[in-house]
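Starting off, we have a lone chain in the form predicted alone, written out as structure tokens.
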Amino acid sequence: MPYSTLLSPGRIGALELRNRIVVTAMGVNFGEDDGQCGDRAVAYHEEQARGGAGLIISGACGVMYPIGQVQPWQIAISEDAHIQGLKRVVDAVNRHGSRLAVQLHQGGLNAVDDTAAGRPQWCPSVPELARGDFIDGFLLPELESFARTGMPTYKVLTKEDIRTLVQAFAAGAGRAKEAGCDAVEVHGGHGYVPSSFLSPKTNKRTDEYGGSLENRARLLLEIVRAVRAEVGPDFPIIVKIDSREVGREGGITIDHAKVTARWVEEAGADAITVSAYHDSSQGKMHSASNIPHEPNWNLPAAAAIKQVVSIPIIASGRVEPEHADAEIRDGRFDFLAMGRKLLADPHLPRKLAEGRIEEIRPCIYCYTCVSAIYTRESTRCTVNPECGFEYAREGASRSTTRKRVAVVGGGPGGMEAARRLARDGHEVVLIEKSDRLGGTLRFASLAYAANEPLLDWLRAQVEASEIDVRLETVATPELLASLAPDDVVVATGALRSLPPIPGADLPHVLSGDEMRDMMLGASSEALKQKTSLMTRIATRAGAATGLTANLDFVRKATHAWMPLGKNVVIVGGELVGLELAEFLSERGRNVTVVDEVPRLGAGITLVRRLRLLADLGEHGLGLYPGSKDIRIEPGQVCFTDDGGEAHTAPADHVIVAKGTTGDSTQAEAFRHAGLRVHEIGDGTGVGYIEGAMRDAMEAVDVINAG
């Protein structure tokens, strides 16, 4: 049986689990104003249990709430009043065969809400002033939101404070047990209070809680022992620790973590969750530790710690199920904790067990989920618009009347709407003017390969249904009238026109659409005037043989040959422009990005933007936000930077990745023809993949209700 090891039963202490898939603790901001677990938290975790996970670990649950609070709607376990709401979550999870652990947490140096409320952050010693590029990646509205929390102050813990803290963890564990929880996880990582004591970078104490590793680990071990004393010998205790601090010189190392892990086991832990932390002042590091961009990033550390303890190891960090199955089978760790993948599809475990692997909705690693937390919002998921709204959708019913629905546009919004409509029993006609489905998601998948699994999944969902797909068909009011639909969903995308930049009509200037067509084997009259005979022949050959439909082939082939000169200037520094800049620089082009906007990266989620901007800087790209007087000339682009200095960038080609706007022209024509129209996606205003998927869900809800 595929995934037989990953899906085999496992044990943590006295706790039996139906499989080895764990929903890792994520601070999703789904609690109530007073820290209670309400309907939203209950429904969110119940859906994960329905999906088949063996163990679900709650997000950060404050043991001293509101002291140590890191999110506006964080859940809490600091008062007996919190027990009843937590019990509701336990009952909902257990009802479907999953088990629930509560993560015990005190935010310490990351307690943003302490700062916002005027409370000091609890810490071992006053931290050093960090100097990094973290803030540089924020857009101005994000920066304003971030700044409103104010400047932190600090409470260096006395021994009495430490005793209070230890007792708070123990009392929280006792309440968790009273609520019926199946286990607790002591959060000893990610820069929170126990982690800040463990790190030689943040712990400068000279008493018995500072200096040597034995002293720095003292607080965490006292917490574990106190929790064990509170819950008794048979109640499972998991401890999360950092295997290292990435990018932080003088921080926790794997050698520190291995010793700490042995001590944690001796103190009474039944399992260890191996994670990592980072230098939070560096933007790129926010996707390089506990939420890594690189696949399997934390697995070597998990294997190293597994060698020095006898209790189970829970590993995580962008790990595919098949890889985890092999690693568990080889004894390198015992359980796989997933976060982003289970936000994208909470039913991943069940689909694996039922052999429905192709039906698993993929995570595209866009960082929408975690970026929302940085801007103090509740977590969202780009590909799963129901994430976090399960409580509001429990009454969303499928139509009892079978309708005939025409969907115009085969991009992500159109395919998502079509598959939902077909799933709900409607007769669906999907009309796409090009020769294949995908729309702008095809080009987005070429530039950022993590998007391609979503493209493949949507296509497969459409193909597996009874949807009548009509390619190379232009949807006219006359055609739609002949279909006699009850409803029409218009997902035709945005209007992309060249903005009025001096020189934009020169032959070496390509619009974003022209660049996309050239890379994907399409053709247009405008493109014919701007490309060489060799390029046109290669494009036609690629289209005729189907090679340009294979995005992986195009990615590899373009490392050897591209119909672009050595020097490329991109006018436009939002999502499309920056992803294109990365794509071209990786293929040996000297790229300059200029834009009038004060900060680059709009349309890219914050955490991904922080990484992308750092990567572009490392590639040596010229990035010029705040540029003025941009004009294109033969062989160059001239502009003035935000400091008033004039620049000339060499340009064999110029790509204008600006001028995208919503376009309701076609939808209005259908309305004037008397059709019932639901407009979704970028045609209503550019919302990219997330907006398209969410709009599709909402449009189908309206059709079902009406």
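Quick note: we count residues from 1 along the sequence shown, nothing fancier. As the structure is a computational prediction, the values presented were derived from the model and not from experiment.
Form predicted in complex with a small molecule: not shown, discussed below.
Put simply, S78 is far from the small molecule in the predicted complex: not one heavy atom of it is within 4.5 Å. The closest heavy atom approach of V90 to the small molecule in the predicted complex falls outside 4.5 Å.
Proximity of A60 to the small molecule in the predicted complex falls within the 4.5 Å heavy atom cutoff. Although the partner is absent here, P292 is a contact residue: one of its heavy atoms lies within 4.5 angstroms of the small molecule in the predicted complex. Picking from 500-508, 132-140, 182-190, 594-602 the stretch near the small molecule in the predicted complex, with a 4.5 Å limit on heavy atoms, gives 182-190. Among G438, G283, G339, G572, the residue placing a heavy atom within 4.5 Å of the small molecule in the predicted complex is G339. Among R420, R318, H256, K306, the residue placing a heavy atom within 4.5 Å of the small molecule in the predicted complex is R318.
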